[in-house]
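Only one chain is included here, represented as structure tokens and corresponding to the form predicted on its own.
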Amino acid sequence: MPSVYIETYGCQMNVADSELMLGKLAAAGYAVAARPDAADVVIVNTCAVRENAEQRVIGRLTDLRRFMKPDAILGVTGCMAQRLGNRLLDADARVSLVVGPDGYRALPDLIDSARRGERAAVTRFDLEEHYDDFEARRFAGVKAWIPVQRGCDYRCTYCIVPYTRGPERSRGLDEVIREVASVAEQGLTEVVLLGQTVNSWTDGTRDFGDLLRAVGAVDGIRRVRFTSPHPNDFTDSVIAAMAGTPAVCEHVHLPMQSGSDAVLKRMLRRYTRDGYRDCVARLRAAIPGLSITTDIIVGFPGETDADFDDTMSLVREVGFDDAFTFKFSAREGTPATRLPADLTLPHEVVDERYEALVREVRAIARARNVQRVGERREVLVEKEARKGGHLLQARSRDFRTVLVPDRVAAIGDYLDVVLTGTTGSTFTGAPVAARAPLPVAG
């Protein structure tokens, strides 16, 4: 059997797409290789959200050539492939395939053509493509990534996603439930619903709240998460479904991006500072103990000291449990690159603001987490802890990372633990009462 190795960069949607590609190629007779030097086909599934993500991939393509079999096929897929297209073929003669997120159905045929010396770039959007008939080949783990929506219609001025994944379109509810039921039959108990603005999902008659209720009712599913939502799409119906569906976890990743109305307007985020604050208040009122994480960009063109102060003050007011923080990265083809050049901030200013934001986010998270020591949580054991030491890494429903001794649990177990300590971001936990282990998909 020919073999394929896929290396994935970027968001959870890319992980889900890699699982779809593996499933398609497995159905075509490919085995999965654990290393690039053991594969007949090497695919790098890429991200284009930030420039450094693309530079990392370009460096990795150079490294891979040193390890690959001489006759192996090298392909680039994902958002970077969609954005650059034929330019990747022109820049690297070793690359045979460049395939955007809507072109994975053709992978087996494209690989066969590449073996005959034919190079190709497939970057056409297909607004009907959801890969509903693909059987994903899932990576080992205790949760399943379930794409429910592809593309985005919001077109924030800094964001490349609408240009790499196309317009927004949603899968049918029945197809989503079929996939969720399938992963539950495999023994997976947690699902994560994926979309660029996932809570805008609709099949024309039903909304995201209806989808949450339906997914949460599938036998065997104990936890439902979703990412990433948009503040504008948290309708009363969606929030009621979150609060009223026991399987939906008490955590929301709610991108803020900025706390300044002026910056939010230039970003075309379509909400104001007060609108974001109101969304947080409605969520917390409906769901006690809700954990909220966020994304924040500093250094967007034209950001003044007062704008940055507005971001810092909203960070303090909301009290995020964690935040992914970014320096603005201009992406070719996005409207933000057409803003007047004199709005561009000096690097040293951006660096200073970024460091101040990170310090504030960490201090707030640490203060909140110290107060949680002694509380009780249900956790799902996900994997071995990165630093070893006979520890396993688990996750609570409210998205806390909790380390537990490996002698008290196995991957896939649910445990009740008491939080015994914190580093400021990660907790240690002592089991209160172990629950029966659940099967884990291979």
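Quick caveat, the model's predicted, so the values are computed rather than measured. Start at 1 with the first residue shown and count on from there.
The same protein has a further form, the form predicted in complex with a small molecule, not shown here; the description that follows concerns it.
When contacts are judged by a 4.5 Å heavy atom cut-off, residue 327 counts as touching the small molecule in the model of the complex. At the 4.5 Å threshold, heavy atoms of residue 65 stay clear of the small molecule in the model of the complex, well away from it.
Contact annotation: residue 158 falls within 4.5 Å of the small molecule in the model of the complex, judged by heavy atom distances. Although the partner is absent here, residue 49 is a contact residue: one of its heavy atoms lies within 4.5 angstroms of the small molecule in the model of the complex. Of the stretches 371-379, 34-42, 49-57, 398-406, only 49-57 has residues with a heavy atom within 4.5 Å of the small molecule in the model of the complex. Three-residue candidate spot 178, 188 and 225; no residue lies within 4.5 angstroms of the small molecule in the model of the complex by any non-hydrogen atom. The single contact residue among 96, 260, 200, 257, judged by any heavy atom lying within 4.5 Å of the small molecule in the model of the complex, is 257. Exactly one listed residue, out of 88, 297, 193, 241, brings a non-hydrogen atom to within 4.5 Å of the small molecule in the model of the complex: 297.
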